[in-house]
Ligand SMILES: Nc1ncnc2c1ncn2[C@@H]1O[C@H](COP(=O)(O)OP(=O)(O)OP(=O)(O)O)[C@@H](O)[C@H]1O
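Next up is one chain by itself, shown in structure tokens, the form predicted on its own.
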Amino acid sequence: MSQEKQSRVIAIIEDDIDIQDLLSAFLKPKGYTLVFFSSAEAALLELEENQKCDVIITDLQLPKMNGIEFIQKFNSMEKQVPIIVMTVTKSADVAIQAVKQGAYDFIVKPIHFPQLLLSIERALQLKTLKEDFQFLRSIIKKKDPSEGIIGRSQNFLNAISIAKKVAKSTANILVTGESGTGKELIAKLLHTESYRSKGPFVAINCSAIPENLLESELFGFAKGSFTGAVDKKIGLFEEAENGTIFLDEIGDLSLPMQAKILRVLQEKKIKRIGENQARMINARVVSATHKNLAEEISAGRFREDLFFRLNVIPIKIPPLRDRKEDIVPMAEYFLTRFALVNDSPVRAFSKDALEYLLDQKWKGNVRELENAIERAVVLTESTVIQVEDLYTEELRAVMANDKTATFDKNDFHIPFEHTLLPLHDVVQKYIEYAVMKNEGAKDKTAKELQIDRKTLYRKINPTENILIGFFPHWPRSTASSNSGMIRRRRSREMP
């Protein structure tokens, strides 16, 4: 039974109990979830307010409101759910009328179940195509350049606000932030919101190009200026004429190259390698770095005069760990995008998966989150991403080796590998250890720990959280089964 079908909900409007039983007997083993209604009125009320479904199957002849009237009223809700009509009549006029009102397909009773199954599967494909189309259209119709930048947290919105305010100025802008925070997105926003938006946006990663090639990439060269220069080359500063040049990771430039960039910023001129002629340029410079340039200046690795030229207007992008409110909307955006690109059936995250995403430190910031979602979308075969789909290979190996914690009730041990645990985590683990040591006796544990019993109850769920405290990202079903195993083992050990 496919996991995809398990999550598909079919709403069936049929007042004949026998036909309901037949449909249930046929479709439930196929993995579909069925919701039955005996009247169109009840179905409309429930589908409008609460019930979500992927396909609707309705009888044409119903008490009070018939199937045609139901189709008209349901489609006015703009729910975008395909409707399959069932009826005892073979009249083409009835079928045409149903299709005109918005029905997807027409099934004649007595029901030919293979035909019904084929109709359902095609209806589901149509629904998926419509959802993908709506997503693509929403991307195409974007008018605000910042719409592609996902963020709700106040510190991130402040950075966006500053970028929009200064976009139309001619000042040089320095964007700072950890790797993967989206500095290039801010640079593109600055470009598209500026008067230079019709000009080119040219980006270069200064740390990705060898030093001996970087100068020719930025400034170009004349024909015959060195071995292999069989023709002239226009540099990126010239390519960005009347537009924006984005110098990413400018903090990695060597001191000699910094001096050349400084001269360009001062004189607004460049010289191609092998030429004496200076060429005027008209490109706005936006630079970015993940380094602390003040520290680099103190260490003698970055020129102070260049820093002042670049840092006319600074914009700092906060790391993802400081903008927790942005994680879920970003994850949902990446899920939709990668599901579309990879033709994946996945459509949502489980509750545990969302909690896992919120719990991570995301040292690689948005880039790491994006990669995690893409990996999960590609690997899962379900319509819902579970927490296990998000595990890295390293985490899987640790869990498989069971080296994270020791569960000896006579020994409290938390291994430290690379970094110390936060004090709150250590306290939490110790409380869980104390409950285990006292064989689950919470009153005794609270007394020994000198805390209120209600506080202890809030801190731990004794049926489950003992293991989850040590393995915070294990599926709860796994933790429950393991804790049950521990309890059974203890019962065997007790006299």
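Computed from a predicted structure; not experimentally measured. Note that residue numbering follows the sequence shown and begins at 1.
The same protein also has a form predicted together with the ligand, omitted here; what follows describes it.
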query: In the model of the complex, the residue from K324, R347, R367, K268 that sits within 4.5 Å of the ligand by heavy atoms; finding: R367
query: Residue among I150, L354, A167, V285 with a heavy atom within 4.5 Å of the ligand in the model of the complex; finding: I150
query: G180, heavy atom within 4.5 angstroms of the ligand in the model of the complex; finding: yes
query: Contact label in the model of the complex: D248 to the ligand, heavy atom within 4.5 Å; finding: yes
query: Y333: touches the ligand in the model of the complex, heavy atom cutoff 4.5 angstroms; finding: yes
query: The ligand contact in the model of the complex: Y391, any heavy atom under 4.5 Å; finding: no
query: One stretch from 294-302, 118-126, 171-179, 226-234 that, in the model of the complex, holds residues within 4.5 Å of the ligand by heavy atom; finding: 171-179
